[in-house]
Structures are given as structure tokens and as C-alpha cells.
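Only one chain comes next, encoded as C-alpha cells, the form predicted alone.
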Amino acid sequence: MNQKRPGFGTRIGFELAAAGSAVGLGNLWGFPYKTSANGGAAYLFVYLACILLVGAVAMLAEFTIGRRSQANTVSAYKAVSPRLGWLGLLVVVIPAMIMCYYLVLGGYTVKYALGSFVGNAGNYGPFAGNIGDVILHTVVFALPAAAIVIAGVRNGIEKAAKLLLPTMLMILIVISCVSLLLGEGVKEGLAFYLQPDFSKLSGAGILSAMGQAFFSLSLGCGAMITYGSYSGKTVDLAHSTVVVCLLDGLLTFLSGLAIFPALFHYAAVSGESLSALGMGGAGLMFITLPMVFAGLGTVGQIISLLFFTMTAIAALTSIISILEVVTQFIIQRHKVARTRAVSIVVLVCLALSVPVGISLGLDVNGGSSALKLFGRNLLELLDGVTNTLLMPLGALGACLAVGWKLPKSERFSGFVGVMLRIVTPALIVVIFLFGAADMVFPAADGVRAFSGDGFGILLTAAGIVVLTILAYFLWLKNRDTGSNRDEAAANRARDEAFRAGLRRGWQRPE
């Protein structure tokens, strides 16, 4: 690797950083409750298959776009075709939107980790309603993410990944072992999780597994393009893609192994029914699991600390990657220092996270609907716009760009080529269409009906795409949007100025 350019110092550093981006709350929160709602092991089987059919191929496409250009996402797509540059801008807008609510969720994980020994059961509503407390923990979560990204790719992101990913894996293994030794109910929990019953898996469940595999890999939000741009020319991207997908699948599998035996054990000893525990709802992490941990006494407090610490780490590694997407673009497009770029992005997103936190708190506690839009709190709205609608478009664009727009000499051939050009794009379109249809025509008591609120969210996403296209063609298409080479030049200039200041006796160089 050219040491003069910013980038990962080692292949394993690149792979661990990419895996850290992939492993987030979607794995530790979304996967368990979706698995419980869709037949357990059957859902797990389809999910793992979809990682290979959808996730790995789309990830390889995004890595390829990034490594080929050695630049931010806008310049990366412009290098494929100037007409596709708007896709690069879209995948800068998406992570900026995600940060506005992911910071809030990260703050929740910090709060629950710190509250493990005083008890988290029943605290969801009171904490969500205390906006000052929410803001405090959101800031506490944001500060280490900002510090890591300010330190740079090699000295910040790579070093953090080498520490945090193994830590997360070890914690999950410990929790899984403890969960498997709890006793009564564990056998039933393992059977639910590991013995497939495909009769319980509906078409909707299969689509859910496809979507979960797609979203859990951080595809369509620019993270893999950005990390790919920092990979060395000698890195085997196909090998790295397999490693990242295996790590993501392993950590996701272990999350279920840690959670389901504990849930079934708690149900067995408490007399609570599984349906009463809310296993199929998003409240699994912040309502059900704290109640389960509380029922295990001192052991439960220790498990709670480990679990929510691990969850905070997963959220941190994900927020680092999406923060880097926006930061890289600002540095290279506007030729500003990394510290300034990170500070601007974090401060703006923190300010926007405040109404998101307030909206969620009001909704959780049945308060005013003043901070709702299209019938949803702002967190749900942003999540629906980005995860359900915009991210599939971003990943679809990557597959089509690599499959059809690269010079023929650079295109993939054989099985991977067919997947990139035809199969994976078709599956992503299915994910998008069914996600949009479920939003516009939600099911209630088994009957689907048109939802004006859902249609409003769809129009919002469409409006964001239109505005992104206009912004690109009006202001960016014919302008230099920078590259890693520009970032390296800025770094050298900064280092030379710093050394000049030292020679002048710590004076600021003119």
C-alpha cells in the first residue's frame, strides 16, 4: 500500500473495520425479534442464505467501486460515469440522515450499560421521557465515535476495529455460554432457535429474512464504498467480502444463541408466556431483556452489563463507518482538515438528534403527537425512509454500476458476473418493492389497506432522491469533488506546517 495515502495499514484491519460497520443494532436487536416472529431456525437458515445471494454480491460491488477510485463516494461514482455521480451524493445523504437517529439509539445502549447494576427493568418509558438524560447519553456515545474518526483511518478506525471487534466476539461467546447453562427452559430455547420448522415461515418471513440480510451488512449507505477506497490495491476484495460476511453471520448467530435460551429460561421459571414477553416486537432489547436480566439476580446484572456494553460497541463501530462516509466527502470536496469536518458533522447531527429523541420519548410515553410526521415518531420516520427505501436504491445502483457500466475488461465474469448483473439486482428490487408496498398498504388483522401516511413516507424518500439529483447536476457534476490523493496532500501540508511551527518555537506558522 502507498504509505503516502490515507488508508488501512493491513488487510485484517480493513476486514475488521468493514465487519464492524456491518455488525450493528440490526444484528443484535432486529435479528432476534424478527427470528422469533418468523419461525426461529427456518428464518435463520433463509437469512444466512440471503447473505450469500444478496449481501455478499452487493458488498463486493461497493468495495470494487471504492477501491477502483480511491476517493469519496461522489468521485467514485463519477469515475464510473459522470451521470452516476448523484448516486454517490445520495449515499452521503443517507448516512447523514441515519446518524440523526442512530446517535439516539447509541445513547440508549450507553444508558442501559451504565444502569445494569441499579436495574434497567421498567426504565424505558421514564428514560425516553427525560430528554435531558437522553441528550447527555447521546453526547457520551457520540464523543468516542468523533475521536476515533478524527484520529484517521489507520490510527483511529483501524486500531479501534482491531480492539472492538474481538472484544464484541468474546463478550458474545461468554454470554452465550452463561445463557446455555441457565437450566430450565434452555433446551426449548435451543430447539426454537436451531430446529427449523419451515411450515412456520411464510412468504412475508422470507422477504423479511432477505431484507434483514441486506440491511445487517450496512449496504447502500456508502460505508463499504468508503472503506473500499481505503483498501490497498493488493487486497483480494472477494476474499475480504467472504470474511466480512462470515464475521457478520457469526456474530448474528451468536446473538440469537445468547438471547433465546435466556428468554425461554425466564419464561419457564417466571410462569410468563412467551407472547407476554413481547418476543416479536422491537421492545425486545429495551423492555423484555432488562426484565429477563433482572429475574436472574446478580448473574443477570453481570450479563446485562456485558450485553449492553457489547451492544454499545456494535453501535459505535457502525456509527464510525457512516460518520466516515460524510467526513471523507467533506474533507476531499472542500479541502478542510479532518478535525473540522468531523466536528461539523457531529455537531449538526447531534443538534438534529434532539428533536428525534424528544419525538421518541413522547411516543413511548403516549404523549403529544406534535413531533410526529405521517403517523410516526421521527426515529421511525427516518428509519423507514433510509432503511426501507433509500438504502436498497443505493445498493442496486452499486450492482448495476459494477455489472453494466464498468469497462468490459474490468467486469466480473462467470457466476459472480451473472449475480451482479441480473440476480442480485432483481432480489434487491423485490426487497424494495415489498418494503414500499408494506409501507403504503400495511396489514391490519390480516387485511391490507391503503395508508396515506405510508404513501407520504414514500413521497418523502422520492423527494430526497429528486433533490439529490438536482443538487448533483447543478453544483457537482462539472466540479472537482476530490480524492484520497487530495486528502493525503492536505495531511502532508498540515504535518509540514506543524513541523514549521515547532522550529519556530511553537508559534503558529504564517
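So that there is no doubt, residue numbering starts at 1 and follows the sequence shown. From a predicted model like this one, the values you see are computed outputs, not experimental measurements.
Beyond what is shown, the protein has a form predicted together with a small molecule; the following relates to that form.
Taking non-hydrogen atoms only, Tyr77 never approaches the small molecule to within 4.5 angstroms in the predicted bound form. In the predicted bound form, at least one heavy atom of Ser216 sits within 4.5 Å of the small molecule. Interface membership of Ser318, defined by any non-hydrogen atom within 4.5 Å of the small molecule in the predicted bound form, is confirmed. Although the partner is absent here, Asn27 is a contact residue: one of its heavy atoms lies within 4.5 angstroms of the small molecule in the predicted bound form.
Residues within 4.5 angstroms of the small molecule in the predicted bound form, judged by any non-hydrogen atom, belong to 318-326 and to none of the other stretches in 401-409, 348-356, 318-326, 145-153. Relative to the small molecule in the predicted bound form, residues Ala58, Leu390 and Ile428 are all farther than 4.5 Å at every heavy atom. Note on contacts: among Cys221, Leu87, Val244, Ile259, the single residue with a heavy atom within 4.5 Å of the small molecule in the predicted bound form is Cys221. This chain lacks the partner; the member of Ala209, Ile98, Ile331, Val104 within 4.5 angstroms of the small molecule in the predicted bound form by a non-hydrogen atom is Ile98.
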